[in-house]
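The chain below stands alone and is given as structure tokens, in the form predicted on its own.
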Amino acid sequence: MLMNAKSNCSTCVMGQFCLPHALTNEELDRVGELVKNRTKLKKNDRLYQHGEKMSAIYNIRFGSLKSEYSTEDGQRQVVGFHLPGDMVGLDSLDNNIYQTTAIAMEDSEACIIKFDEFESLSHQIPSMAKHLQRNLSREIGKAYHHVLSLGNDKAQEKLAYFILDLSDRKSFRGSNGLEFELKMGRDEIASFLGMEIETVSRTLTKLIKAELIEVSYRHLKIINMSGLRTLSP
């Protein structure tokens, strides 16, 4: 559901993650003019579809999304999970076609940023261009680690890295990185890590028995951070 943006970027709680630091008040106002609309998503709603022409890039204001890639034979591969403050749609910049499908894992909201306007403003405010470069670099780094994870045949290492990455990302946003809800199902975790669902369940059980984590349905608590980090590649 499309809605007008009511609050300014300068007062948004996600501004510290979505915006470059040290913008002047005038620059903040100009950046805020980029976000004229937001879109609200219910769980399982699609923000954009693989193969569609790019209309905008998005900053997640609250909630969480996953990115899926659809193969020619109809198979779906989860390639990313996105949290508040993340910019999504960057994979479309090369050919103006969305390379994945972004799906809400819970009720979510995203700010809509027309890329041509963003690009034009970036020429006038150099820190905006650097901010985009940092986002692109971060996405490349995440993709690099994801590929390494897919090539790792040690299930405990893969799952430990996945849990620690979520923990670090939540801590960075000021949330509790030691205890949180998993918004994705075990089937989605399995798809992302290139594992079978049964392997994910067995590996979680091993981590629980090793007294590294506690899990109750989708609620996860890290009880031995250093032990978990020794498993992470």
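In case it trips you up, residue 1 is the first one in the sequence shown, and so on. Computed from a predicted structure; not experimentally measured.
In what follows, reference is made to the form predicted together with the DNA, a form of this protein that is not presented.
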So, Gly185 and the DNA: in the predicted bound form, are they within 4.5 Å at any heavy atom pair?
yes
Test of understanding: in the predicted bound form, would Thr205 fall inside 4.5 Å of the DNA by heavy atoms?
yes
Heavy atom of Leu65 within 4.5 Å of the DNA in the predicted bound form
no
With heavy atoms only and a cut-off of 4.5 Å, decide whether Ser201 touches the DNA in the predicted bound form.
yes
The unique member of Ala155, Leu90, Leu132, Val78 whose heavy atoms fall within 4.5 Å of the DNA in the predicted bound form
Ala155
Between the options Val31, Leu47, Met195, Ile57, which residue brings a heavy atom to within 4.5 Å of the DNA in the predicted bound form?
Met195
Please determine, with the chain shown alone, which of 172 to 180, 23 to 31, 66 to 74, 185 to 193 has non-hydrogen atoms within 4.5 Å of the DNA in the predicted bound form.
185 to 193
